[in-house]
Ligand SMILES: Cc1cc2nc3c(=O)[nH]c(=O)nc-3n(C[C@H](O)[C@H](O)[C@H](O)COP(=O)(O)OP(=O)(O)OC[C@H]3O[C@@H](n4cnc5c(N)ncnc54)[C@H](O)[C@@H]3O)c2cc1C
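Just the one chain here, the form predicted on its own, laid out as structure tokens.
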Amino acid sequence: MFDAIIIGGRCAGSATALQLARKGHKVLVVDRSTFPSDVISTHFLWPHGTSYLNRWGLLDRVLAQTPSHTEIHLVNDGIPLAGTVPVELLRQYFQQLHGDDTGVVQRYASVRRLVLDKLLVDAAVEAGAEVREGFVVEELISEGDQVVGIRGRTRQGARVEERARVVVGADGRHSFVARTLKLPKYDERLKCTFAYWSYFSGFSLGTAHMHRRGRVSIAVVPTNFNQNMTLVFGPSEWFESFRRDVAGNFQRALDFVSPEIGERVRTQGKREERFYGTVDQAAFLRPLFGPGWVLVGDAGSSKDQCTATGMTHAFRDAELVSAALDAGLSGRQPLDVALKQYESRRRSQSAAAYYDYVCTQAEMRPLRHDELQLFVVLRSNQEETNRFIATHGDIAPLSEFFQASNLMLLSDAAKESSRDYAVFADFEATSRMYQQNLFAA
């Protein structure tokens, strides 16, 4: 009998196992994959993501193999912003969510999943968890309405049965646990982005760059193996047009959004791997817990990749759910009460607002005149630029930055001319042009 069986050994699963095992619980992790192995992922960590790794004593291991930086560059229709996340906002985030702000760092990092997931699995084993790789879960065992274990097959083909006080579904947006329990999806948002990316060597931009023009965005972020994760994304309705000529349209998008970056990739970059792509990014929520089971990470809530918060949110879930499970399994609270508190933190008003924000961003509509004017205003106010970046990455609440009084103060505080930005020259004509499919034949 295990205290917890965790189905899925990647970001959310191994991080949960690591913390439960460190608290003395008997944990089994099963995953159909073997490690190291890759998986579709933006693999970007915001500063609260690297802070979680630091809190768990793993950040040095990651940074020994992975470049990191403290500043990020955002460019919207030619209006550039650069900044970092203020440490006081990071401390507030951890205090409000976890009651503890130890380990806060201001670093961004883009770590490949074949590096990160292996590191997390190894750390979970070091902490005392049992990990079975290449294990296929075929059935959940239930007694009445209570989930009590799993049946599955090892990579050698042996069929086994294991039981636990709780089964954790950390098995992604297509969760076997959720499908088996027939858990409904709700608040689904079908409008999303398509994304294509690959890895290029031969040049360096130093820090993460995220640029947008009209309905297309690009990101270039330094990652492992002296390469840059180079990403293009746009509205899902343009996916079919884009995929007819992935390599050509990829370069066309880079040139359109940032001619400078397009030139660097064309003349200096060497593509080291094939192109990867997806359009399977519709957002949804699922119930988070029930008798004998709980979901973490994308299994319980999945969003579009456009703000690159997936891994950071998986770490957040892992810390929240492991604290709740520890309280319930140790007897300090009834398990259902502890998991209800986990659910309330995950489904807070602030979390719901950020879910709406990401889903709106994923529609990739052209930015409005007033939105672009806000970016112009932010150019002369570094403190508010940093707050905006923290808000965009889900570190500071949306309600604080976007409250009407704050936006009015920003507008009154700076009246920087917009004449230097081409997008304002004939804004209505530019907006109409941005609606057209850049990749249509």
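Residue numbers run from 1 along the displayed sequence. Computed from a predicted model, the values in this text were never measured in an experiment.
Not on display, but discussed next: the form predicted in complex with the named molecule.
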How about A17: is it within 4.5 Å of the named molecule in the model of the complex, going by heavy atoms?
no
Residue-level contact is defined here as any heavy atom of the residue lying within 4.5 Å of the named molecule in the model of the complex; does L398 satisfy this criterion?
no
Can you tell me whether R113 touches the named molecule? I mean in the model of the complex, with a 4.5 angstroms heavy atom cut-off.
yes
Would you check, heavy atoms only and a 4.5 Å threshold, whether V137 touches the named molecule in the model of the complex?
yes
If you check in the model of the complex, do Q146, A164 and L339 all have a non-hydrogen atom within 4.5 Å of the named molecule?
no
Picking from 73-81, 246-254, 266-274, 298-306, which part of the chain touches the named molecule in the model of the complex when contact means heavy atoms within 4.5 Å?
298-306
Contact residue in the model of the complex, from G262, G328, G310, P366 (heavy atom within 4.5 Å of the named molecule):
G310
Residue by residue through 40-64, tell me which have a non-hydrogen atom within 4.5 angstroms of the named molecule in the model of the complex.
I40, S41, T42, H43, F44
